[in-house]
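Only one chain is included here, represented as structure tokens and corresponding to the form predicted on its own.
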Amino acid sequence: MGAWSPRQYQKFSDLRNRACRDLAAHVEVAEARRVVDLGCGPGNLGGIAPDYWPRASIKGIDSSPEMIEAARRSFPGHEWLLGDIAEWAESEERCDIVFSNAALQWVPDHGGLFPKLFRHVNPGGALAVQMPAYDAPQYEILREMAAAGRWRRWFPEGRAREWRCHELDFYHDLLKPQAARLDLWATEYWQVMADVNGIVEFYKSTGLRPYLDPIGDAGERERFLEEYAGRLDGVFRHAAGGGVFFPMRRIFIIAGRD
């Protein structure tokens, strides 16, 4: 994929930080000293971590040079490194908390990945993960569009580079044999956007990227976005008093080690 845009991503920083903060609030590792943030983006955890782990240092890893640069500017007291999550999973590094907010959906083979990540957790620590739900209608629409005849020129296989997460029972069965404590839940955040174009803007920096990047013509990208907005308008209900309801379902996984 092309370059990530911290500016586009941070247009909705309050909304994005809600799930990040909710995840951090449920990690019961009060004396954490070392936190590794996988897919750290522009360093959002740097502003949140002191409220929960005041003595912790953060090592953030992200594959985007633009995101790492933004994190270093915003939170220079922590360590922000360009890197690959799957490669880090193969390392020998240990920490008190392995934290990942809305990133592991981009990494394949969760059946192999999550046990590897849990092995990095020190005694008394935790693996803490939040991801968007894969089956939400805003993602189903994108998959339908990529498979449609009009757009197959850009998606010859009938699909984009997909991300995926599983249902919570998958992660329960995967981590239960190893974890001393396991907390799993889903939250659907409801907010009202001014219109469906606000939803499109929200996803331009994340879920839309695998669909926009392959489209090599600027006019075609705009037409793709217009069609997407039109389809969203037929799915998300208009709110009383104006605006459009935008439900956003997220899953949360916290596995603790004795």
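What you are looking at is a predicted structure, and each value in this text was computed from that prediction instead of being measured. When you see a residue number, it is the position in the sequence shown, counting from 1.
Omitted from view is the form predicted in complex with a small molecule, to which the following refers.
- The small molecule in the model of the complex is not approached by Val36, whose heavy atoms all lie more than 4.5 angstroms from it.
- Within 4.5 Å of any heavy atom of the small molecule in the model of the complex lies no heavy atom of Asp183.
- Under a 4.5 angstroms non-hydrogen atom cutoff, the small molecule in the model of the complex has Ser63 among its neighbouring residues.
- Not displayed here, the small molecule is approached by Met67 to within 4.5 Å at the level of heavy atoms in the model of the complex.
- Contact with the small molecule in the model of the complex, judged by any heavy atom within 4.5 Å, is made by just one of Asp173, Glu140, Asp84, Glu167: Asp84.
- Taking Phe75, Phe118, Tyr134, Trp106 one by one, only a single residue has any non-hydrogen atom within 4.5 Å of the small molecule in the model of the complex, and it is Trp106.
- From the list 119-127, 76-84, 175-183, 150-158, the contact stretch for the small molecule in the model of the complex under a 4.5 Å heavy atom rule is 76-84.
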